[in-house]
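Read the single chain below, which is given as structure tokens and is the form predicted on its own.
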Amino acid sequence: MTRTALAALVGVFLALAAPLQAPAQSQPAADLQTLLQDNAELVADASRRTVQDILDILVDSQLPEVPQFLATWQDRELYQRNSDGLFVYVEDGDADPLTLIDISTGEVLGTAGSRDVTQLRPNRGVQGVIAATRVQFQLASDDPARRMAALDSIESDPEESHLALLQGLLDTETDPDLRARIEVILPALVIAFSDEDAPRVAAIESLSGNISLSARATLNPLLATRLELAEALPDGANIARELEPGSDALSREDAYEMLVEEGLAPPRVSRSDILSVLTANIVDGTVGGIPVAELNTEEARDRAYAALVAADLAPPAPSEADVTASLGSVVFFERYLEDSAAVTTAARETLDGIETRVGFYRFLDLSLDGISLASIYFLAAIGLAITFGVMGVINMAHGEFIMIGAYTGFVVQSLVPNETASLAIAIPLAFVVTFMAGVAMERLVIRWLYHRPLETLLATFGISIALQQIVRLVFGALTQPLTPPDWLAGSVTLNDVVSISSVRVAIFILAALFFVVLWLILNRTRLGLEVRAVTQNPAMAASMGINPDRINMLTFGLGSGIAGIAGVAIGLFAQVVPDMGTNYIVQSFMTVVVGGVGNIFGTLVGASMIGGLQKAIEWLNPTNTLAAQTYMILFVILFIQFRPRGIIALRGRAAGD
């Protein structure tokens, strides 16, 4: 909404509203102390009913000391000296004796014992009135934080006089956040205080397209309803909708209960209540003239109960036909609490438009969550995709390389307190550490198990358990902190609906960077050429002078090193514990299988599909995140039945050729 539109809106309201009576202008006092002494009783014995009088006098005085005085008074830090009634501040309220400060000059007046002064303690009602008066001083402050605090105060306790104050601030305010806040609060004040429909409708329409929580909080109360019943719809009432008993909006039981509460129908009598009444009215072995022995059917019990009702010994029990007749004799409807149909119509149309935009932004927020999760899965899986694609090795210890990378970051941060510097050191160091660990694992274990997938799986699974226990012995089983730098601690917020943490944005950027770097390595370097050659045909590559054994070693080390960097990134927002890798190994394998082994494009597509689908499932079932994991596994099982080589399959050894 433009400044001109807001000004016109407030102008319409001020023209229609009764003019406020301006307080009589008084002559400025010589100083604040003199003014207060002239009105000492109003200050010392302030109540919610009388405090406004002294506040008006203080505001009219235009003395520069008034804002501080009001703040001190509101905080219950104002004192009055018993000997001469002088109002003073104290330097330290807990000290004895107290150091007295002059409220006009700020000079020290001397000391006094706690019994020599009286602390003025305004109640909550008086504090609230003082806070409302302080708003105009806060709005004039040069500090944006104080102006925002004033807007918070106005929003929580609005008054009609605030309209002119906000309009004046809007004409001069340059801070975009403050302007946006004013553009929501101003219409809310017009809606609250105007007695005419025209300015209220204009204020509602001015919020069109504003998806902020404040805007929706302003409009939603206008559409609040209450459920009522009558013999016919009342003329001139602002009816939201008519309800049919037995519908989703109003059950028969609830509708009939309303009739009972209004005294328009007798209450239902349950079977247990009927049995209790019959038991209480057994006389000489009969109830209502029917022998107890014959009361073995509901029909007989109903006849006995009817006899008791006829004898005024039991309340009447309405039948279903009686209930239906009673419900049909009245109409049920929801009436707006707001009397003006023009206002509620405008609010409904505006809110519907806002909800449409909110739905779009919620979809965008969900998409960003999916992209964020996909980035995490891509970082966790890319190393596995390389080793699995090139070497055909099912490495169950891949998650432990992620864990080692995270603990490397923890160790570096313990030695280098600066989070930014430690992060810059931890990322390359984690790559080096896990690269060397991967090379050692390949040289000592994996190289002897090529073409033996079951033995490789079991061996790497055993290594993963061993690595977890080693880390647990060294660092303990408790969660270790890996704190992100301050510039990653917040979030990137588009509006009140769309927000994503800065750490996840950084992980997305890191994943994109790795994608580009790996693509360049595989397609623009000799190492990449040799890796692709070994992937496509290891025998032919060996005949061309390429050492497949060396390529396998470097490839496994590269994949492990990337997992270490992923561990540092994941550790910035996840728990750094010895078994943290197990949380990502399953998703990593699913990402590789769906995308296609040995292909970074396939891994990217697979991570996007897995991350997006998991977030969609979690959105549909937000109370059970474990169900999302289960559904994802079922999806992967079905997917590989139709496309066993993944979305982007390679030709060569990794593809099974």
Partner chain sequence: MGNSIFVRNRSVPIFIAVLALVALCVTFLSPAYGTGALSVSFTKVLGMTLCLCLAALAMDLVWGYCGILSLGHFAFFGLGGYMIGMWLMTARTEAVIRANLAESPIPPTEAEVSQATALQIFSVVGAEDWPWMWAVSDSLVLSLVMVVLVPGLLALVFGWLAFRSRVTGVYLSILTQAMTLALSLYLFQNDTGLRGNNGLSGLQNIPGAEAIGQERLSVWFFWASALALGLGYIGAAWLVSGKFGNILRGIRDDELRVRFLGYPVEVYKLVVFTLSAMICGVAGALYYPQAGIINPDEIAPIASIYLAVWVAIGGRGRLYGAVIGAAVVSLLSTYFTSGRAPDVDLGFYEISWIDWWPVLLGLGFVLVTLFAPRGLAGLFDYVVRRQDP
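Numbering follows the first chain given and starts at 1. This structure is a prediction, so every number in the text was calculated from the model and none was measured.
Beyond the structure shown, there is the form predicted together with its partner chain, which is absent from this document and is the topic of what follows.
In the predicted bound form, its partner chain lies within 4.5 Å of some heavy atom of E455. The closest non-hydrogen atom of E320 lies beyond 4.5 Å of its partner chain in the predicted bound form. The closest heavy atom approach of N296 to its partner chain in the predicted bound form falls within 4.5 Å. Remark: V586 counts among the residues lining its partner chain in the predicted bound form, judged by a heavy atom distance of 4.5 Å or less.
Contact with its partner chain, judged by heavy atoms within 4.5 Å in the predicted bound form, is confined among 84-92, 325-333, 392-400, 138-146 to 392-400. Only one of the listed residues (L604, V593, I610, L58) places a non-hydrogen atom within 4.5 angstroms of its partner chain in the predicted bound form, and that residue is V593. Among A466, L527, V439, V416, the residue placing a heavy atom within 4.5 Å of its partner chain in the predicted bound form is A466. Shown without its partner, the chain has no residue in segment 407-435 with a non-hydrogen atom within 4.5 angstroms of its partner chain in the predicted bound form.
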